[in-house]
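First, one chain by itself in structure tokens, the form predicted alone.
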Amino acid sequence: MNAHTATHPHNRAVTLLRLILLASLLAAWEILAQSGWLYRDVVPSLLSIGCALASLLSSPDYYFHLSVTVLEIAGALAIGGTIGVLTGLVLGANPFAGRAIEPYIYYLGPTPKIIFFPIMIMWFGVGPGSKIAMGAVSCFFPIALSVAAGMRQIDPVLIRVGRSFRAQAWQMAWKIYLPAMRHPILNGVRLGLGIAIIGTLLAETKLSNRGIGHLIMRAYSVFDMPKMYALLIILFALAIGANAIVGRIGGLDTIRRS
């Protein structure tokens, strides 16, 4: 009871600090927009961004482009995430394979994935396939590394129990590895999701006639800064919402296990 009482004011203080920081940031933005220090509309007013945001949300064309981007990101995460989880399981379960292959994944991980985009275009064309492939390649690395690291933290007793029952490889993965690795997998998915969003949108800005990335570049090309910032706000909100959903899944899993 005392711990709960002590924690409650602390949570309120944290929330208050967050609101103060947000209000300060918005106030500083508006001051800079009204100051005239920068070229016109480089930093548009909050009102103009709000109007652009309302115009976007009321436009059917926007929802078409949004659906394209969401489907591309979902496809990228499904493909890259599945391959990443399977790769991490193999590398974590097999020390020899881990020592031989994991350094390549580790050092290729930080490489800007945009260098692979010309190859993706040649392989999958200029349509959604190349964007999905770009996002899949981007999210593969953090997921594979996270799962491989999580595999090495599994209690060896669980592995010995599975082997004592002569469980096959797929049974070990389904009954022992995956249940014991929910959190490493979820953490990897959270990292992979963010990078998949970046990779997919980056591909859309380079060569595409649909998607949110295309809309951002189109707004930039005509110097429609309020619309560009409105699109960025929407992307931030979507990324935060998707991350919150993944985190919520992990939180529910923890509650069930407790």
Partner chain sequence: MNAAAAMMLRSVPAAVGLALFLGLAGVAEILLRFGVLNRFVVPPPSDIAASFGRLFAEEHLLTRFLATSQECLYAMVLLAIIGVAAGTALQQMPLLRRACETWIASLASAPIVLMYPLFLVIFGRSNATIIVMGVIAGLPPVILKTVEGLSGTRKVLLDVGRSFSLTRRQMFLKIMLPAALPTIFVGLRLGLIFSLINIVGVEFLINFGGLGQLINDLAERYDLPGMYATIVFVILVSVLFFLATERLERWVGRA
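Note that the coordinates shown come from a computational prediction; the quantities given were computed from them, not determined experimentally. Numbering follows the first chain given and starts at 1.
From this point on, the text means the form predicted in complex with its partner chain, which you will not see here.
Asks: Using a 4.5 Å heavy atom cut-off, which of 121 to 129, 84 to 92, 164 to 172, 148 to 156 contacts its partner chain in the predicted bound form?
Replies: That would be 121 to 129.
Asks: In the predicted bound form, does each residue in the set A54, Y62 and M181 place a non-hydrogen atom within 4.5 angstroms of its partner chain?
Replies: No, because A54, Y62 and M181 lack any heavy atom that approaches its partner chain to within 4.5 Å in the predicted bound form.
Asks: Could you confirm whether I31 comes within 4.5 Å of its partner chain in the predicted bound form, counting heavy atoms only?
Replies: Output for I31 is no: heavy atoms all beyond 4.5 Å of its partner chain.
Asks: Do K206 and its partner chain come within 4.5 Å of each other in the predicted bound form, heavy atoms counted?
Replies: K206 belongs to the contact set for its partner chain.
Asks: Please tell me whether any heavy atom belonging to N11 falls inside 4.5 Å of a heavy atom of its partner chain, as the geometry stands in the predicted bound form.
Replies: Residue-level check for N11: yes, a contact with its partner chain.
Asks: Might L46 be said to contact its partner chain in the predicted bound form, defining contact as any heavy atom within 4.5 Å?
Replies: Contact with its partner chain, no.
Asks: What are the residues of 108 to 144, in order along the chain, with a heavy atom within 4.5 Å of its partner chain in the predicted bound form?
Replies: Result: L108, P110, T111, P112, I114, I115, F116, F117, P118, I119, M122, W123.
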